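The chain below stands alone and is given in structure tokens; this is the form predicted on its own.
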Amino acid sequence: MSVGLHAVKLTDQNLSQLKKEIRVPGYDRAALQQHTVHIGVGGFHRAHQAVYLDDLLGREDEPRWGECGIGVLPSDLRMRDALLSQNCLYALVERSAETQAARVIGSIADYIYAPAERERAIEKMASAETRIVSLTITEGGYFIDEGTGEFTPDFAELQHDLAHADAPVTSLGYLAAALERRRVRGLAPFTLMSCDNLQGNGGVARRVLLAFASLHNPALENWIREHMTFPNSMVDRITPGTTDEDRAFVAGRFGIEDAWPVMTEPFLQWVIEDEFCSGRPRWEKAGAQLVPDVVPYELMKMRLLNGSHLAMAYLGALAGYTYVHEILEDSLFVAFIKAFMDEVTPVVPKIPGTSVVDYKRVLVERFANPAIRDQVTRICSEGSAKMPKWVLPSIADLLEQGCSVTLASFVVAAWIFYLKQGTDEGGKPLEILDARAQELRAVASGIGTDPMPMLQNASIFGQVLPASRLFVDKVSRGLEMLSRLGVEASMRQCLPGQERGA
């Protein structure tokens, strides 16, 4: 990758050489106290939680609360090399059709690549200095059965961690090892805060950690149950993966040589349940919402934003689109997405002071942001984990209330058809990124218009939806239309006023 001729390597020593338009940390980074440890440092965390902390550090009246990142996956080696080569600084670029603004984030003080420094990673979390451990480890990092929501300990990695408590390979294993040391040493536990896109993410983190600890050491399980807190949180900021093109843009436009910058949208939201057993930063001073109950906020986001993402992603991929904003340039897709949102609105909670109409309007504007260049492939990824969280619960609740499920069921059909076809309508192969891709494609490839071979997968669809004749018929009709008519004509058939047998 080539960089701009006058790009400055991003380090503490070089901050003064950056362009004046670029906001840089104005605080003493050497004085940061690493009270937060974050497992799973990726683009989203660096566009979100680390930004709130950086904003707080910019206030002279706030404690010097910094954080240490930890990577537990082999793929995290690239993040370690990128961050440590530039003193854990990175450029954050907010992009819209009107503006391009860069700033340097300095709230991450250190990074530990756990596979190479296992003991150091455990001790970091076991240290009295650590008050919060936060997570963005994706849905798969919790080892839950998508159909039942229960913890599944049969994975080889978990069995390894149970047999080798001081040599873990999973996030749960590292957490248990660190908490056991704190318990034995008489230290208070840290708060465990999930920032993953899971409904009731704090409750999920609590449930799986307790289940793992019960197999590891019942005394640890009891101690966690009695002393730890697991606040729920809802995080929202569209953050596409960083590309070489982005790196070149940051070098050319802003004069920053950054191994892994973050490109994101101006919109930013964080809603947090105020349940912390060992203290916390005053995130509300930086714009976060501290509330007693996060559930209404996360349901609104998952059913409208995340659900709409899947609604456009599989159909958009089949239609041959590469970027999300391109999909939103198609009036048919805009009409479909708006209709999908309207269909699920009856099961979106009403939040005092929040207009659902305005929320949906802003979502369409955010999706259409041409500067983000969010890839459709990213949205399509890990559908087997996303579909049970972002679309299927809406369908179940809509059915219970006797409401229409035409469009939501069609989205399920589109996902199955996407797996079945493996190519877009132009014959171009689709890059299907899913931990269960091989298994699901083997099932989908043999499906005609009868979706039951796929719907009978209880780990994804559970027991209730496959037993609904209406839902099965809607999905079957969607498969039939997609096979016979293609994406565009099928979408038109599904739109309100057009569908038959709704």
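Predicted model only: the values in this text are computed from it and were never measured. Position 1 is the first residue in the sequence shown; the rest follow in order.
Omitted here: the form predicted together with a small molecule. The next part is about that form.
Residues with any non-hydrogen atom within 4.5 angstroms of the small molecule in the predicted complex fall in just one of 409 to 417, 229 to 237, 329 to 337, 107 to 115: 229 to 237. For the candidate spot formed by 46, 51 and 103, no residue has a non-hydrogen atom within 4.5 angstroms of the small molecule in the predicted complex. The small molecule in the predicted complex comes within 4.5 Å of no heavy atom belonging to residue 303. In the predicted complex, the small molecule lies farther than 4.5 Å from every heavy atom of residue 361.
Mapping the unseen interface onto this chain, residue 133 falls outside it, with no heavy atom inside 4.5 Å of the small molecule in the predicted complex.
Contact between residue 278 and the small molecule in the predicted complex is not found at the 4.5 Å heavy atom cutoff. Proximity to the small molecule in the predicted complex, defined as a heavy atom within 4.5 Å, singles out one entry of 197, 369, 242, 404, which is 197.
With the partner removed from view, the residue among 164, 253, 378, 181 that has a non-hydrogen atom within 4.5 Å of the small molecule in the predicted complex turns out to be 378.
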